[in-house]
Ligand SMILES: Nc1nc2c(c(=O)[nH]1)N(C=O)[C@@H](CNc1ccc(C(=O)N[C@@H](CCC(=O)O)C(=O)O)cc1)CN2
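Before any questions on how it binds or moves, here is one chain, the form predicted alone, in structure tokens.
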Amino acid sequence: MSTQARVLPDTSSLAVDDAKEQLRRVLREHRATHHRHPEHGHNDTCERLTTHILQAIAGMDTVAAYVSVGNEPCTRLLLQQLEDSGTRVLLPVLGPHLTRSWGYFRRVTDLAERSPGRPPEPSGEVLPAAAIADAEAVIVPALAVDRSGRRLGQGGGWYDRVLPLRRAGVPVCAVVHDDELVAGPLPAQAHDAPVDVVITPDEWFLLEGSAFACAPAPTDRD
């Protein structure tokens, strides 16, 4: 299990929103340089990540997930395999009046960009935000996760609003590239829900009590 953590620029002098935006820029630039997804098909990184996500959600009938875009850790191969296995998957949908809603994944070929700037969405019935209560695990995107489970998202606020609606005890699983595990602390606000599980192409683990969470803080010589 990983004990490694990347050290990000110090943003402690900035307001929380400004600190988040600065780190998002740094992390997005790093992804564009080091984690480019193939233009077509999938590579070994996609396959290893899919294997670890499937291990983390083994035995679950219904999960909430997301459709990866750009250089995000790939979930499209995962969706193909969940389609084959018959697992029910809730995906984010922009509902009426821009409400945060869900739709059940039907098939990969059904996914389409239905709103400008939004990730591809399924067709079919639009479900309310509270439909997340059907999920046995919630797989969320992240730009980085620190040792306390703080997650830096893309900034849209989607999960800030829907995660409190999940059932008690349902784990939040953050998917990141291996070098997006950071020493932290990441800037956070009261509404930022911590994650319970970390999944990367190299491994997956429960955060609480893990070698990553319990590793000593890096020194100036690290």
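Since the model is a prediction, treat every value here as computed from it, not as a measurement. Rigid core: the largest C-alpha set superposing within 1.5 Å between the two forms. We number the residues from 1 along the sequence you see.
From this point on, the text means the form predicted together with this ligand, which you will not see here.
Here is the short version: of 56, 63, 27, 67, the single residue with a heavy atom within 4.5 Å of this ligand in the predicted complex is 67.
Checked against this ligand in the predicted complex, the candidates 111, 129, 94, 77 yield a single residue with a heavy atom inside 4.5 Å, and that residue is 94. Taking the partner from the other structure, this ligand in the predicted complex has no heavy atom within 4.5 Å of any heavy atom of residue 86. Among heavy atoms of residue 133, none comes within 4.5 Å of this ligand in the predicted complex.
This ligand in the predicted complex is not approached by residue 51, whose heavy atoms all lie more than 4.5 angstroms from it. Although the partner is absent here, residue 45 is not a contact residue: none of its heavy atoms lies within 4.5 angstroms of this ligand in the predicted complex.
The candidate site formed by 148, 205 and 209 is entirely out of contact with this ligand in the predicted complex, as no residue has a non-hydrogen atom within 4.5 angstroms of it. Taking this ligand as it sits in the predicted complex, the stretch 105 to 122 comes within 4.5 angstroms of it through a non-hydrogen atom at 116, 117, 118, 119. Annotation: Cα of residue 99 displaced by at least 2 Å between the shown form and the other one, core superposition.
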